[in-house]
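The data below hold one chain only, encoded as structure tokens and taken in the form predicted on its own.
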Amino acid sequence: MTIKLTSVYVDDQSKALRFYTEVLGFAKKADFSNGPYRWLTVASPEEPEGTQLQLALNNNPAAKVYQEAMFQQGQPAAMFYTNDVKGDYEQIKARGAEFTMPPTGVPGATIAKLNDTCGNLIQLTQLARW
């Protein structure tokens, strides 16, 4: 069994696509519509056939409450691993991203958090080398 897809709720799919591709550097994988429904996914260019992230429109009232509460508590909606969190921080910040936490050492890792502009916090994680 493998994980091939996970979702993050966003308040605007077009804005999310721009952020996840132009700011974070992911590649658009799937984008098609059926009436008002839009299926939109991105993937890492480092693993184009790997796990996809669905940018799902958050038009569910219960999900909106959850999303807002997680954001207010500073809890990330998704975590992405990197081998160079400080380098990625500088690059992503130069592309206009708003970080809520710069690279910070925590037990076993260095993490940074940023606002995806679509209702979520995203965490970048670089695991410590033992």
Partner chain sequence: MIEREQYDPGPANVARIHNDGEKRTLVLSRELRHAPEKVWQALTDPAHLREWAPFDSDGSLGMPGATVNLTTVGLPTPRVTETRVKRADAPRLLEYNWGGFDLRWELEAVDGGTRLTLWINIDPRFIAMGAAGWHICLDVLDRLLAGNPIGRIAGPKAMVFNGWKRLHAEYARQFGTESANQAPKAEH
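Positions refer to the first chain, counted from 1. Bear in mind the structure is a predicted one, so any value in this text is a computation, not a measurement.
What comes next is about the form predicted together with its partner chain, which does not appear here.
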* Structure fact -> Which of 66-74, 38-46, 79-87, 98-106 lies within 4.5 Å of its partner chain in the predicted complex, heavy atoms considered? The stretch 38-46
* Asked: residue 119: heavy atom within 4.5 Å of its partner chain in the predicted complex?
  -> no
* Asked: Is there a heavy atom of residue 94 no more than 4.5 Å from a heavy atom of its partner chain in the predicted complex?
  -> no
* Counting only non-hydrogen atoms and a 4.5 angstroms cut-off, does residue 59 reach its partner chain in the predicted complex? -> yes
* Using a 4.5 Å heavy atom cut-off, state whether residue 51 contacts its partner chain in the predicted complex. => no
* Asked: Can you tell me which residues in 10-35 come within 4.5 angstroms of its partner chain in the predicted complex, by heavy atoms?
  -> 14, 25, 27, 28, 29, 30, 31, 32, 33, 34, 35
